[in-house]
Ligand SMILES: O=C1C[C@@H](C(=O)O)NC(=O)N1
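One chain comes next, on its own, written as structure tokens: the form predicted on its own.
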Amino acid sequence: MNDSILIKNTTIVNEGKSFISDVLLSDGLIQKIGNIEPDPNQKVIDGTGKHLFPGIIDGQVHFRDPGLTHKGDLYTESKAAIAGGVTSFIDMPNTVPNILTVESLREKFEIASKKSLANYSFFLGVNGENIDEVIKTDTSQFIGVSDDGLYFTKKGNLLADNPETMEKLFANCKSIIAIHSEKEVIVEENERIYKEKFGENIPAQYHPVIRSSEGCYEATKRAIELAKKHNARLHILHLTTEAETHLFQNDIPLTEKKITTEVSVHHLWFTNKDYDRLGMLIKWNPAIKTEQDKQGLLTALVDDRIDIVTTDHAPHTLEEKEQPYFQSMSGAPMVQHSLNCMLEFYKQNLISLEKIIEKMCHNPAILYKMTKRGFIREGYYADLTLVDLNRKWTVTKDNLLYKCGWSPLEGTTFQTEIKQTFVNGNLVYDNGIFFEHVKGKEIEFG
């Protein structure tokens, strides 16, 4: 049900500009932007002193549904996303079962239609075992194909470690190919060295040494070379090193790029110095690296070598995280706080509001060719978030919405607060209160 909603006197941040205006939402769409007189039948929201952004589009999450729902599911994690101003997401294929067939992909869409509060899409998984089936399929029907997370299932599932498989995929795939870029052979040799030194209890601080900058750079460089050879559409997931940023272009518009990349929020937020404090809680693959890498990633984001911001949201239970090095699961939940993290960088004068919105809203919609999303434009879906840029609050267990019940950001005080979130014209989150009667929609693209 889509009642008319009028947001009055808010500061709109959109397409490189910030300006005060009113926005009318009706029938799921943005009907009008301008000076609008209230109607008695409209719900009026006073946006005075607040900023209205397009809804955040998170291009990489692991919501764990189906099969791993003790960690999170499409309901709980989309609810956390909504509270963080995220209105659309693309979920990765490393569920149980892995999403390696069109049939399993359809089943996942069916689950989401009943559970997700945000708009949704899903990558089809690709590895050495299903590559022939994938390239026989019209891959243009998928928002993208990806190997991300599949290495947890079985060694050798990373495309970056299989040049022959990658050549075959790049030569035949008609969709975006989104890959996890690390050379497993380098990682495995480093694991052997540190296992000899420490046994099973390798300290967390050695994670970025084991999953090294060299392993990332070599894999990314090779993937780009192969993509250029075949004129393929390559997207490198969760970039982590300053060195890798120099492999990407910023001299052409995103609409013309064949090779793109992203940075996940935690690689901008944490550094290797945080392992002493947080240990395995910030064990991600690829690993959080140095202050120099963090600064290099932010610089590349601002100067457009990096195209989008994601979370790689990956909930695990605390029990799964608090294990010795080789047993501790990689990944952590971030989707509830990604916008808050980026707004802290704005507060530090490291990035503009307009650039944040470009990287978190406009560019994901452009990169994945989403239909009528990612912008505040008349006729577009009314996916919006209203934010107070001057409201302090602290992350605690009590205000977390993840099913896993923890966050590496606990104790962090943010200076900004998400007040309202709208999905397809519906007010779904209002100052801590959720309205769950309408679910999100499948993201259209093309």
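Residues carry their position along the shown sequence, with the first being 1. A quick note: this is a predicted structure, and the numbers were derived from the prediction, not measured.
Below, we turn to the form predicted together with the named molecule, even though it does not appear here.
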Only one of 24 to 32, 411 to 419, 59 to 67, 374 to 382 sits within 4.5 Å of the named molecule in the model of the complex by heavy atom distance, namely 59 to 67
Interface check vs the named molecule in the model of the complex: of 91, 161, 262, 148, the one with a heavy atom inside 4.5 Å is 148
If we test each of 98, 139, 121, 330 for a heavy atom within 4.5 Å of the named molecule in the model of the complex, the one that passes is 330
(request) Please run the contact check for residue 238 against the named molecule in the model of the complex: heavy atoms, 4.5 angstroms, yes or no? (result) yes
Wondering, does residue 312 line up within 4.5 Å of the named molecule in the model of the complex on heavy atoms?
yes
State yes or no: in the model of the complex, is some non-hydrogen atom of residue 284 no more than 4.5 angstroms from a non-hydrogen atom of the named molecule? yes
Subject >> is_contact(residue 337, the named molecule) in the model of the complex, heavy atom dist at most 4.5 Å >> reply: no
